[in-house]
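The chain below stands alone and is given in structure tokens; this is the form predicted on its own.
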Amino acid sequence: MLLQQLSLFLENKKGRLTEVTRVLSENGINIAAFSIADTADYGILRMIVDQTEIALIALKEQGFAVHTTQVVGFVIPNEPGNLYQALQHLDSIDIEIEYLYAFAHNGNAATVIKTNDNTLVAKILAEFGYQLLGQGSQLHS
């Protein structure tokens, strides 16, 4: 199971992030996870939302440079060593991680990962018993 992630190129200008969230709010889009990687002049905002296609169209109509990328989302218990174990499974099959972001809530950690072979990563994680996240998944304890 793969997730569709939105990636936006944003100038480092006051109010740009607020503008993105306004567009999503006005279209009834819920953000499940996001990450911002920044440099001096711009940033890349990566988001998992519940209605990717509607969000993509709405953001493009407002002039944002946005595209979709497939990623894998999975859940691990929020305890020392669990991310290490998951990554060991991927290292054993020579998976290259391009980026990863995560958050912990109610004893679990939701992790979003982009690799050189997301389909294989989803298959391997499922085989080892990890819960894969679908678009619009809720993280419950």
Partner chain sequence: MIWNEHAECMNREQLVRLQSERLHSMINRLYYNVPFYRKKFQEQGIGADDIQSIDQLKYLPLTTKQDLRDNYPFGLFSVPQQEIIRLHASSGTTGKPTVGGYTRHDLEIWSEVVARSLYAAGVDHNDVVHVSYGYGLFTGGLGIHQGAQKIGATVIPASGGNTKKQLQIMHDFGSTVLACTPSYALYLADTMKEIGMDPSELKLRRGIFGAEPWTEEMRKEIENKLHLKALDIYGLTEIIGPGVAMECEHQNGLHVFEDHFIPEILDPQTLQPVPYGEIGELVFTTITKEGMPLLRYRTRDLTSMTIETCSCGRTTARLHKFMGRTDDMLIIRGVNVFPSQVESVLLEMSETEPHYQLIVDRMNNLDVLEILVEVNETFFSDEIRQLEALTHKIKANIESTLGISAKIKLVEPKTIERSEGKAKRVIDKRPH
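Please read these numbers as outputs of a predicted model, since none were measured by experiment. Residue numbers count along the first chain shown, from 1.
There is another form of this protein, the form predicted in complex with the partner chain, and it is not shown here; the text below is about that form.
Using a 4.5 angstroms threshold between heavy atoms, M47 stays clear of the partner chain in the predicted complex. Proximity of V112 to the partner chain in the predicted complex falls outside the 4.5 Å heavy atom cutoff.
The shortest heavy atom separation between H105 and the partner chain in the predicted complex exceeds 4.5 Å. When the partner chain is considered in the predicted complex, L10 lines it closely, a heavy atom lying within 4.5 Å. Residue-level contacts in the predicted complex: of S92, N30, Q85, T39, one residue has a heavy atom within 4.5 Å of the partner chain, and it is T39. Considering the partner chain in the predicted complex, the lone stretch of 22-30, 47-55, 64-72, 77-85 in range is 64-72 [heavy atom distance within 4.5 Å].
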